[in-house]
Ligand SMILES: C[S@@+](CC[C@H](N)C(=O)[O-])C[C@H]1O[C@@H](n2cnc3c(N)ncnc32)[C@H](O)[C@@H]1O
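Next up: just one chain, as structure tokens, the form predicted on its own.
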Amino acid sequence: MSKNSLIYNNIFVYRLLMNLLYKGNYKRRFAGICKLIFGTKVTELCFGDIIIAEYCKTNKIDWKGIDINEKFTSQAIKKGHNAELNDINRLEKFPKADTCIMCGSLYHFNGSLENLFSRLLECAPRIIISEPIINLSNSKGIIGKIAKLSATVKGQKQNFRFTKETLLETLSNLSAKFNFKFQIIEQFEKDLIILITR
């Protein structure tokens, strides 16, 4: 029996539920990320869906994706993308790239962010973080119920979420330690899109 929430066991269910969470704007969620991509090589961590991979393929950008989810990785490989099944916590280094992307997954690593950021900064000079800052699982009605469905990965419930204030405070502290710059590019729906440069 799968240890993932239902939303993570089928890409079509995932897209349906994410479209509900983003009020029909799920694909547009990635537009603000794609326009920040620089260079010819992209590493995407915890990629989930392959929307960014498809953008890179169309624009002749070399994309490498890493995800812990067997179903999503298999789907990406079937579509011809360079996807790797792996737990990024177990990787000493990430594949070198011009741009590194992490979309909607930073909260999973709240207890090990210093280790994560040391590897992110070695991976690429340009890092794009898109992170939810509004916890929809606290919402009432159908939206709250859908959000709760996405709370388990590999048998581990994810109760922690960033707010705008805690995310910016965390990035400020990490910036002081690792000497990088960051700026808010935009807020789309519940996500804050942030560009990090060395």
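These figures come from a predicted structure and were not determined experimentally. The first residue of the shown sequence is 1; numbering continues from there.
This protein has a second form, the form predicted in complex with this ligand, left out of what is shown; the following refers to that one.
**Q** Is N89 close enough to this ligand in the predicted complex to count, meaning some heavy atom within 4.5 Å?
**A** Yes.
**Q** Residue-level contact is defined here as any heavy atom of the residue lying within 4.5 Å of this ligand in the predicted complex; does M18 satisfy this criterion?
**A** Looking in the predicted complex, residue contacts with this ligand include M18, since a heavy atom lies within 4.5 Å.
**Q** Is it the case that W63, even though its partner is missing from this view, gets within 4.5 Å of this ligand in the predicted complex, heavy atoms only?
**A** Output for W63 is no: heavy atoms all beyond 4.5 Å of this ligand.
**Q** Do K41 and this ligand share at least one heavy atom pair within 4.5 Å in the predicted complex?
**A** Output for K41 is no: heavy atoms all beyond 4.5 Å of this ligand.
**Q** Name the residue from A53, C34, I68, I129 that puts a heavy atom within 4.5 Å of this ligand in the predicted complex.
**A** Answer to the contact question: I68.
**Q** Only counting heavy atoms and a 4.5 Å limit, does any residue of 76 to 109 reach this ligand in the predicted complex, and if so which ones?
**A** The stretch touches the partner through N86, D87, I88, N89, C103, G104, S105, Y107, H108, F109.
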